[in-house]
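Single chain ahead, by itself, as structure tokens, in the form predicted on its own.
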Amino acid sequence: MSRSTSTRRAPILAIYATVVFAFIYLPIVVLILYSFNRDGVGGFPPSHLTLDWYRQLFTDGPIWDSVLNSLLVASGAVALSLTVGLLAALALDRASFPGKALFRRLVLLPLILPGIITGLSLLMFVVLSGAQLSLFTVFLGHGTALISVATTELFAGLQKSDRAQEEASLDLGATPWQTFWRITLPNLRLALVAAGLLIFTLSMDEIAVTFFLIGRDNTLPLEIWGRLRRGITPEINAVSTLVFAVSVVLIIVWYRIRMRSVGTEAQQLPERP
């Protein structure tokens, strides 16, 4: 491809990229603007800006109860998924056993299945076990459904890790358990953080699995969904804006950790003569 052809295509690609990003992010910008609109969700652009909807949000008990429930469920799902996912990733990377190829494909099955199928199957299992629907069943459902995410991320991290450090640790007399805690786990720090943030985000906005497994308490997505059935209010825009802000902060944290890890790896590389 000649340089002149690339030059002619550059404006077209720029326009196409602008349209795509506008389609993705413009609704978010509108949502944030309406969260400050005194006149509600009618009329564009907003002409009277106010913080009253945020003041109303911070005095809304049911909303914050649902936020707390979502945080508890998401935190538990991160712990459960990372623990089981790490064991599964280690088995896939380090062990040889019959049916390993089939096991690797079954691990990815929850990522392929629709959420309604996963939620319905988990509901049937809970009913057959005689358990009561509650936040605990939601936590088990999220943790189980998201194990595949943790396994995939951690397996990729293990594939990229340098086994020479582990071999050196074992040669110097460390036990396999000491090697795991001092070498393997620290080398997986970036993969653990990335998987944890992704699982936390997916759990926070999960609706299908939560809908089938929830009891009397509500999570934030179901609370918002229930209120949207009665109409869109700027208070919903306000809580959605806060969720968006928290998501951006988490992305920035992950990016800084990644850049720090990349910088550390670059410093550890031997200099060329």
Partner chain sequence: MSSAPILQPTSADANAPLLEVRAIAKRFGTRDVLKNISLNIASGELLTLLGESGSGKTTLLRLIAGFEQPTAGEIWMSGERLDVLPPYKRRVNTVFQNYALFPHLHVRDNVAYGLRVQSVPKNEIAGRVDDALKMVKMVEFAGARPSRLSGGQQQRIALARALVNRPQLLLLDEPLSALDASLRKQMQSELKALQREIGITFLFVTHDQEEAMALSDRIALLRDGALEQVASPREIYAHPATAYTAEFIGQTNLLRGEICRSIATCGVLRWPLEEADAPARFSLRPEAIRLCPDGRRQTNEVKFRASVRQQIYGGASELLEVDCGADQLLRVRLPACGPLTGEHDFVFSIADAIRVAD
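Residue numbers count along the first chain shown, from 1. Since the structure is predicted, the reported quantities are computational estimates derived from the model, not experimental observations.
Just so you know, the form predicted in complex with its partner chain exists too; it's not on screen, but the next bit is about it.
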Non-hydrogen atom contact L133 with its partner chain in the predicted bound form at 4.5 angstroms: no
P114: touches its partner chain in the predicted bound form, heavy atom cutoff 4.5 angstroms: no
Contact flag, R182 vs its partner chain in the predicted bound form, heavy atom cut 4.5 Å: yes
Residue contact check: T175 to its partner chain in the predicted bound form, 4.5 Å heavy atom: yes
Region of this chain that lies against its partner chain in the predicted bound form, out of 71 to 79, 142 to 150, 121 to 129, 163 to 171 [heavy atom, 4.5 Å]: 163 to 171
